[in-house]
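Shown here is one chain on its own, the form predicted on its own, set out as structure tokens.
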Amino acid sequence: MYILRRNRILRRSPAVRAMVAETNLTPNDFIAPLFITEGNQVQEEITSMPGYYRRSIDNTVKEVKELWGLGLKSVLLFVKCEDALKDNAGTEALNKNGLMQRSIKAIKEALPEIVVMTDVALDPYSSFGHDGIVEGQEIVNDKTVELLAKMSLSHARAGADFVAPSDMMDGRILAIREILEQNGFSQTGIMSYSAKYASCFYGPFRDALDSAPGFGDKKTYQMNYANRLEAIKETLMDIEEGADIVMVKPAMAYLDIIREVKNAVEVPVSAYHVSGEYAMIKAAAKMGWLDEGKAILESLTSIKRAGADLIATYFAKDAVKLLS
């Protein structure tokens, strides 16, 4: 008896495996998130994210230049607002000389070619740590949307290539698209966090920006992780309202959602490999329980294989070094 189909032939050597690989990672796949704080020559390691840092603008510019030199094309900016500037009206979020606005300008002046994406949400600026304006115990939707639209316009004026609303308020994509169009920023893109789940995997990120909610949780606006069809509905609505790129967040525990969204849409799909997913790999590697480099590449490949065209990941810099 002879075996007519020998599948192992296509696995017999590294060269053959590479030749027939269905999924390949490249630096173009990655978005590098960056945390920015006030000061000069500041580089503070984030305790719950070993090897990742909050940097002042000057050091952020240096980091961006290094990322560009490695082949990375896109960064996603987050800022740590000083406590004294936080309120329930997002006042500092609209400051044309605020940390986010100055960061955008500095990066684009230093490296005009890089794609700058900006976080659009109120939690870093909120005295309550929520993604919207608080009235009583409610995070109100429509007033928040008006503020998010103005915030997006402020980022566009500073030079952002894409605004990335991460708040999950209803109707905010349409409001942002309209205000951008009305003010002559028709070339500014929107990467919408369309299917952002209420996840425990965001913990280290909230340490990085001191943005944990001061009361309750975020389950009245972020999605229930038990739901699948809701993600498709939310994403399709965002596309109708003007989103250029849609995002699923988190990534590794939501590979099924990434694939469902990819099958349903005709715009690029991004996924956010979040801080808790980063921290788990770092912690296990520190204990000697897995090989960090192999875990990084396997995890990122699984996200791309699921359907992500772009991956926001704290491992972006490590990944491109491993790939090279």
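Everything quoted here is computed from the prediction, not taken from an experiment. For every residue, the number given is its place in the sequence shown, counted from 1.
Quick note: we don't show the form predicted together with a small molecule, though the next part is all about it.
Using a 4.5 Å cutoff between non-hydrogen atoms, Q222 counts as a contact of the small molecule in the predicted complex. When contacts are judged by a 4.5 Å heavy atom cut-off, D131 counts as touching the small molecule in the predicted complex. With a 4.5 Å cutoff on heavy atoms, E92 does not count as touching the small molecule in the predicted complex; it lies far away. In the predicted complex, none of the heavy atoms of R172 sits within 4.5 Å of a heavy atom of the small molecule. When the small molecule is considered in the predicted complex, only one residue from V274, I296, V261, I31 comes within 4.5 Å through any heavy atom, namely V274. When you look in the predicted complex, the only residue of K105, K218, R177, K86 with a non-hydrogen atom within 4.5 Å of the small molecule is K218. Only one segment in the set 274-282, 287-295, 58-66, 39-47 has residues whose heavy atoms sit within 4.5 Å of the small molecule in the predicted complex; it is 274-282.
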